[in-house]
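The chain below stands alone and is given in structure tokens; this is the form predicted on its own.
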């Protein structure tokens, strides 16, 4: 990673937030607190999974994107599209229509990121097949999972396969292709249409790389609405706006971004687990050494993997169904309506791309580390246990922290007071140690004045 601070695509609008605590209660890494009646993000804990975004009832959490007008700063404007974008649309909307609208919006080139899996499949399979590797090897495909391992399961950081994602491979390919055709570096803008916030964060502050080949990121829901509106208004595909002169995607490549897309193509015993709560449960089993004899893990933060990304507009199950049907057409050879094969292939630059497939080691960044000094950390850990003995272990969240343990850690770090616990408050009131007026002021500091008017 290039810096000490994670970049986050999720942004909290305090002027809109009503302090309902829905986001705090669903956050898998306990990265949210309530202070002054507003949700506050602890950046070192957040993995940009987007669960908070999904449950916010008032739109106080947004996902940033680059200004679309940035594409016009470049002569060559490449749209990197994932297959799940195509799967958002019903079958009556053709790929040619989608690409035609994209080019009408201003893009000069369109490229499916799953082409990058062609080289990765072999490279990953070779690594998984090496007997001396630490098991299980974990895919680096999902950036939310990579960050989750960094902050919550740092002991598994060395299990992550240190290879670029299909997106990065495809970006590197298309940039090199345009450079070889005579384009100047400053003329090339590569823009990714993303189904999730975690990929934005990974592009802005990549793990294991100095920088990204991607110029900017555009939210998929924005692009989907533009395309679908145009199609409903009667847009027809122009012949000049079909997919670029590219080799067809194989069926396995088309399904790579879905659940089991990677695991089914890996040697040995391979498992696929999606939805971040399921992933956390499984990694906790690994921590407790309850899991053995697994060679490869495909872990994805979203339900149904990228089809369930928070920036997708279509139903994730319909998206999966559509993509599987298209993959079946490819397998049967009845895919002439999907792609035009003109012979060009990412394999033409295989040597160049293989030389830069690897990334640096993923560094652990444990969110549970109470202090950099080991002695001080142990002292704080004992203090957390002492405080926990005074707390009710009900995880009600009324204190403004998601769990009793989180409150205890916040107290030890000087960021909270034990009197924030409603049970401790009532006990102190009964014993005459805390006036009711002071107790009310503590609650107002957490939940805001308005809730007590």
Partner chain sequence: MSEKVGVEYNVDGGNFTRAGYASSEIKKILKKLNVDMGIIKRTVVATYEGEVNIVAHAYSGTIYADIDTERVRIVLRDEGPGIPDIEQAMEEGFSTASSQVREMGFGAGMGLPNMKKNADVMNISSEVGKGTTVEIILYFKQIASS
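As the structure is a prediction and not an experimental result, all values here were calculated from the model. Residue numbers count along the first chain shown, from 1. Here the rigid core means the biggest group of C-alpha atoms that line up within 1.5 Å when the two forms are laid on top of each other.
The following text describes the form predicted in complex with the partner chain, which does not appear among the structures shown.
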*Of the listed stretches (147-155, 182-190, 213-221, 268-276), which one has a non-hydrogen atom within 4.5 Å of the partner chain in the model of the complex?*
147-155
*What is the one choice in 358, 288, 264, 328 with a heavy atom within 4.5 Å of the partner chain in the model of the complex?*
288
*asked:* Just to be sure I understand the contacts: of 73, 368, 130, 321, which is the one whose heavy atoms reach within 4.5 angstroms of the partner chain in the model of the complex?
replied: 368
*Tell me whether 372, 377 and 409, taken together, all sit within 4.5 Å of the partner chain in the model of the complex, counting heavy atoms only.*
yes
*Would residue 389 count as a contact of the partner chain in the model of the complex, using a 4.5 angstroms cut-off between non-hydrogen atoms?*
no
*So, in the model of the complex, is residue 103 in contact with the partner chain at a 4.5 angstroms heavy atom limit?*
no
*Flag residue 126 as yes or no: does it have a non-hydrogen atom within 4.5 angstroms of any non-hydrogen atom of the partner chain in the model of the complex?*
no
*Answer yes if any heavy atom of residue 381 is within 4.5 Å of a heavy atom of the partner chain in the model of the complex; otherwise answer no.*
yes
*asked:* Superposed on the rigid core, does the Cα of residue 132 end up 2 angstroms or more away between the shown form and the other one?
replied: no
_With both forms fitted on the core, check whether the Cα of residue 357 differs by 2 Å or more between the shown form and the other one._
no
*For residue 303, decide whether the Cα shift between the shown form and the other one is 2 Å or greater, given a superposition on the rigid core.*
no
